[in-house]
Each structure stands twice: as C-alpha cells, then as structure tokens.
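Quick heads-up: it's one chain on its own, the form predicted on its own, in structure tokens.
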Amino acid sequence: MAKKLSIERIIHNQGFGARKLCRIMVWNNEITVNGQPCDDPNTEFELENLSYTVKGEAWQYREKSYLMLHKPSNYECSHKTQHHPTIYSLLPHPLVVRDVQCIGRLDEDTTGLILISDDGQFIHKMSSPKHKVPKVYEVTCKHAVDEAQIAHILKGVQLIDEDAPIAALECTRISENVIHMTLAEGKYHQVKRMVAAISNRVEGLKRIQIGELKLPDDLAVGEWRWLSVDDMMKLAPK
C-alpha cells in the first residue's frame, strides 16, 4: 500500500519549517499539490511521484536528498566556517534545514565535483576507505611534469607520517603542467603532498570525477542539481 502523509507533515519533513508554520502556509493558500491548490493541512497525499509548490516554487517530494555541486574556490565544506563562506550557502534553505552533509571535503582552494546528502548509509558507503571509491583530480602543477614523475606517482611516493608509500590508481599527463590523478583514499592534502613528493607544487586542483560519475560540462561553478537514477548507478560499487 502506497505511503500517505498529510500535506502539513510533508512540507515539514521536506525542510520548510516548524509544523505550525507549515500549517499556516497551507491555510494561506501558499501550497499546491500535483498542480492543485490545497488549503487543508490534514489532507493526505501519496508520496510517490508527488510534486508540490511552496510560495510558487516547484519541488518534488524526496525522502532523502542526493545532490551534486560544482564547488567554487574560496568556499569551505563546513557548516561552521572560519575564513570563507560555506558551500551550504549555495543550496536552497530547506535542504540545509534537512542537515545535508558533503561527502568527502575539498580544501577551500580546491574546486570541482562534490556530493551532498542526508542519507547516512549513502554517505558512509561513498566515504568509507573500505569501499575504495575512485576519485579523479585535474592537477595543474607549477613545473612541467615528465614521464619519470608520472611513473613515481604510479609506483608510490613516501609521505611524512605514512608507514608505506602511497600510489595513485592512475596518473595521466594531459599537458606539460596538467595531470589527471586517480585516488581511492582521501588522506589529508593527499594530492598536494604527493605532487610535493615528486619535487613539484600544485597550482590548481579540481575534482572531475567520483566513481564513474563525471562533473557535467553544463553544471556551472557554484551550481547544484539532484542526482539522477543514472548518476546513482555510476556511483554504485562494481
């Protein structure tokens, strides 16, 4: 049997405020459901394929949130920032109320693909080292990168405070100063430290892929979108 909830509870669960406020919005004709006005907070609706508007803004009911964001530079991946704006300021307020979390933080000066969700199991699956989800970074280096340095990264570099050398899963030279590096771990400043270990320095760092999910060309810097079914399939472990 399809699950039903009252419109008051639906709007509340989706992050639009306290139950009392949601009730008032319904009474004030600020809510439509599946294209129809609704002024009774107790009216129940099936949740599957439910669409609604709040003060004219269209939404789709989602039990859990799964998002991608094209992170800009000079944004912090934290709800409590120190020096720069938070990436959560780029999201609609109802999603922030739902306590979405980024999956694997990027440094403030690193850009690119970041996943965000309020599904604890999904967050764990994507971030846990045991699942070894590969991530691809586009690395712009200060000095030209030669084939010997690529080979060193693939063989493994010794980092301070690490017991054994750490190797990239893949490392490809794109141009004289740009490489694509694939890692399965997420150690502190890992890309920057690995590049430093081959006597070079990172000048620009952008995450361009997680699993088989690539940063879309049409997702502008600072923009976000919902993950599609196809996107989720690309993130599923093989």
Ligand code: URA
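Model, not experiment: these values are computed from the prediction. All residue numbers refer to positions in the sequence shown, first residue = 1.
Form predicted together with uracil: not shown, discussed below.
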- Message: Considering non-hydrogen atoms and a 4.5 Å limit, which listed residue (L205, M68, I31, C171) is close to uracil in the predicted complex?
- Response: L205
- Message: Between I179, V26, I210, V191, only one gets a heavy atom within 4.5 angstroms of uracil in the predicted complex; which residue is that?
- Response: V191
- Task: Could you tell me which of 161-169, 86-94, 116-124, 100-108 sits within 4.5 Å of uracil in the predicted complex, going by non-hydrogen atoms?
- Result: 100-108
- Task: State yes or no: in the predicted complex, is some non-hydrogen atom of Y137 no more than 4.5 angstroms from a non-hydrogen atom of uracil?
- Result: yes
